[in-house]
Ligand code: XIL
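Shown here is one chain on its own, the form predicted alone, set out as C-alpha cells.
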Amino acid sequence: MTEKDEAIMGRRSFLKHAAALAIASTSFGQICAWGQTNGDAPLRERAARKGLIYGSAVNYGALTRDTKLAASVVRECGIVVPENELKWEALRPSLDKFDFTQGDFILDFAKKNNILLRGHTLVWHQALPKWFETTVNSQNAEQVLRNHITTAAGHYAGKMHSWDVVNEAIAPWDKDKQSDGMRNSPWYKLLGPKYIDIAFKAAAAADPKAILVLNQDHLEHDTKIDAQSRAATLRLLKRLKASATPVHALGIESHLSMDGEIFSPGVFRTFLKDVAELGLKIMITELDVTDIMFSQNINKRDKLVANKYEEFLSTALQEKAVIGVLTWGLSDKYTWLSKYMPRDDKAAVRPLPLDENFNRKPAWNAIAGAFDKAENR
C-alpha cells in the first residue's frame, strides 16, 4: 500500500506518545495470552482446516527479486492480493491504454503455486493517474468508470477469487464528508453515491464468478470515529442490498494499533453479526499491527504485536461469515509501514507474521493459534 488516509496518519501520530507510557508499564505476564502453537503446519493449511483462507498482499518488485519471499508466500499463503499493481495509477498509463504486465505476473505466480488471487481495487479515491484530473468530468465519468471496470475485471474474469470493487467509500471523520458519511471522493463529486452501484454492477457483468467486496477502514476500534464509520457502512450495505446492487462481502482493513484506539471485542462482534445478518460474507483484507509506540526491545515488542493479533482474530473468527484473513504483507522486510509509519527511534518496524529474514515470529504463532481455535466453516 503506497498511500493511506492522512486522517489515519495524523490521528495516530498525535496519540502514539500518549499511549506509549501506558503500554510500557504493561506487565510481561499480561502480554503472553496466546502461547505457542502445535506443529509446523503453515498458515494456509491451518486456515484451510477450518474452511478459511489465509494470505497476504504481495508486490511485483519484491516477488521478482527475492526468492526467499516467493518461497515464504508459497509456503504460508492460500491467497494473495497485489498491493498496488491493479490500482488505476499502475494499470492506466493513459485514458486509452491498460498495462496488465505486473498484474499478470502475480496471476501467473499464483496459478503456478495453487494460490488464489484477489483484485485490489477497481475504484478508489487515491492512486489515480495524472491524466484523471484533466480528462475525467461529470459528462464522461460514468463511461470512463464502466470502461475501466469492464476492461480490468474482464481481463481477469474467472481468475479472481474476489475483487475489492469500491475501496474506502466511507469517511465520516473527513472535513469534506457528506451527510451520509460518504467520502467526497473524485467519484462522488462527479457521479454522487450512484458511482458505487455503477461499479458493482459493472464488476458483476465483467466477472460474474468473483466475490464482490466493499472494502472499508476504521471499523474495529471502540472510538467515536469508528462507531460513525460502522454505522455509515451498515447504512450503505443496507442500501445496496435493498437496491439489488450485487455486493457479496464486506472487506475490513484492520490496520491495528495501540495508540489510544481501544478494541472492544463485544462492540466489534456485534458489528460483524450485523453484517452477517445482511447475508454478506466478511473478509479481513489488510491486517497488520503498527508497533511505533511499543518498546524498542524486540522480544517485548513482538509479544505485544502478537497479543494484538490474538485479541483481534479470536473475536473476528467467532463470526462464521468471516471466510478469509489477509495480512498486508507477509514479512517485515516488505511493509508499507516502514515508509508511512516509521518509528521515532529509527528501529525497524515489525508488524507482520515473519521477520525480515522470513523467520516465524510470535505474531505468526498468534495467527496460527487463532486459526487452530476457530470453529469449522
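Since this is a predicted model, take the numbers as computed values, not measurements. Numbering starts at 1 and runs along the sequence shown.
Unshown form predicted in complex with the ligand; subsequent notes refer to it.
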Location of the ligand contact in the model of the complex, chosen stretch of 82-90, 181-189, 219-227, 268-276 [non-hydrogen atom, 4.5 Å]: 82-90
Residue contact check: residue 168 to the ligand in the model of the complex, 4.5 Å heavy atom: yes
Partner proximity in the model of the complex: residue 60 to the ligand, non-hydrogen atom cutoff 4.5 Å: no
Close approach of residue 120 to the ligand in the model of the complex, 4.5 Å, heavy atom: yes
Residue 200: touches the ligand in the model of the complex, heavy atom cutoff 4.5 angstroms: no
Contact test, all of 156, 163 and 207, partner the ligand in the model of the complex, heavy atom 4.5 Å: no
Sequence-ordered list of residues in 272-286 near the ligand in the model of the complex, where near means a heavy atom within 4.5 Å: 286
